[in-house]
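One chain comes next, on its own, written as structure tokens: the form predicted on its own.
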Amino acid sequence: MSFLLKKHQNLPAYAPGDHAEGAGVIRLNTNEPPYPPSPGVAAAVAAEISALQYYNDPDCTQIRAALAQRYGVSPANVTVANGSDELLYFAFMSFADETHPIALPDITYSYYDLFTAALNIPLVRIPLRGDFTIDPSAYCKIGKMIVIANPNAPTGYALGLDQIEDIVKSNPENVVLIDEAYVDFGSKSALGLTERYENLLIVRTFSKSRSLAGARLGFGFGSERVIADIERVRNAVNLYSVNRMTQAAGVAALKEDDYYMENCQRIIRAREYTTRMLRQQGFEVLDSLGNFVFAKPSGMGAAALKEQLAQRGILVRHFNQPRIRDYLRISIGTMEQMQALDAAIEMIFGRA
């Protein structure tokens, strides 16, 4: 007998990438950064251990102040959460429901679908163009909450700031959420637009560019009105969700931000190498601005190539969905890891 409410019995489940770890495994399937946190993070986390008997600061005062200073805004324009996923969930709870749908691309971050299913929010799926780019005109004057990952995942394509502004400006009665999880890898942030548009919410994360995926720390920027709305929901649902060690890790990471921004440049260089390498190997590769590439192999199906690479200790991501099942999403690791991918592909195709 199941005690689960009927409305939850058919909830979809997120399908994470394979989580194998250890020597001999190259994880290019979860868009994690290949570099460890900066030295100050470990010391900051260790300093909090002796205070674990106390509740963490529910207002996240220090990390919000540090983010405000880093990005040139007021703490009242900043919110934080247990990863950007939690912040996304709070935003969906705050601004959409059964009678207030969400419009988003038909190919994008799959957790958006899960949140809307859990909250019974109708979705308006707007197809990507044939080349996998977003058509910004399709979102103008749509009169619904809009959610766009920029750069989008798994494609890596990004809208320009003028295009985002057109969308925000034309939907003044609805929140436009721009998910900038990958913005530090080459696209432009829409943060500056929050000064002019009250309905814009920017969501970002420490998981991708700041090597804290395991700590779970997301943050958002918006007008005081939008942030106050998010905080009202956060306070009612999960006030203490950002633990004291994670808050300390985030503050320490921002103090050593040059380390992370240099790592982003290293990842960009490795992405450029990987794009050239895969094209030379006969792949079709999209021009990504994320810490990953989206590539269609030639001479072997994507699912089969994923398994061949896994047998050689290299994990990549395959989505068995219409339009994209012929592609692999390949996270960018160190240059050495991407060279190992090159060598593995040559062996699989008998070129080595």
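In this text the structure is predicted, and so the values were computed from the model without any measurement. Throughout, we count residues from 1 along the sequence that is shown.
Absent from the display: the form predicted together with a small molecule. The rest refers to it.
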Item to complete: Indicate whether Gly83 is a 4.5 Å heavy atom neighbour of the small molecule in the predicted complex.
Response: yes
Worksheet item: Is Gln247 a contact residue for the small molecule in the predicted complex, using a 4.5 Å heavy atom cut-off?
Response: no
Worksheet item: Taking the shortest heavy atom distance, is Arg216 within 4.5 Å of the small molecule in the predicted complex?
Response: yes
Fill in: 4.5 angstroms heavy atom contact with the small molecule in the predicted complex for Arg234
no
Worksheet entry | Candidate from Thr194, Thr274, Thr79, Thr205 lying within 4.5 Å of the small molecule in the predicted complex - any heavy atom | Thr205
Discussion item. Between Ala181, Ile267, Ile102, Ala158, only one gets a heavy atom within 4.5 angstroms of the small molecule in the predicted complex; which residue is that?
Written reply: Ala181
Discussion item. Using a 4.5 Å heavy atom cut-off, which of 92-100, 68-76, 108-116, 134-142 contacts the small molecule in the predicted complex?
Written reply: 108-116
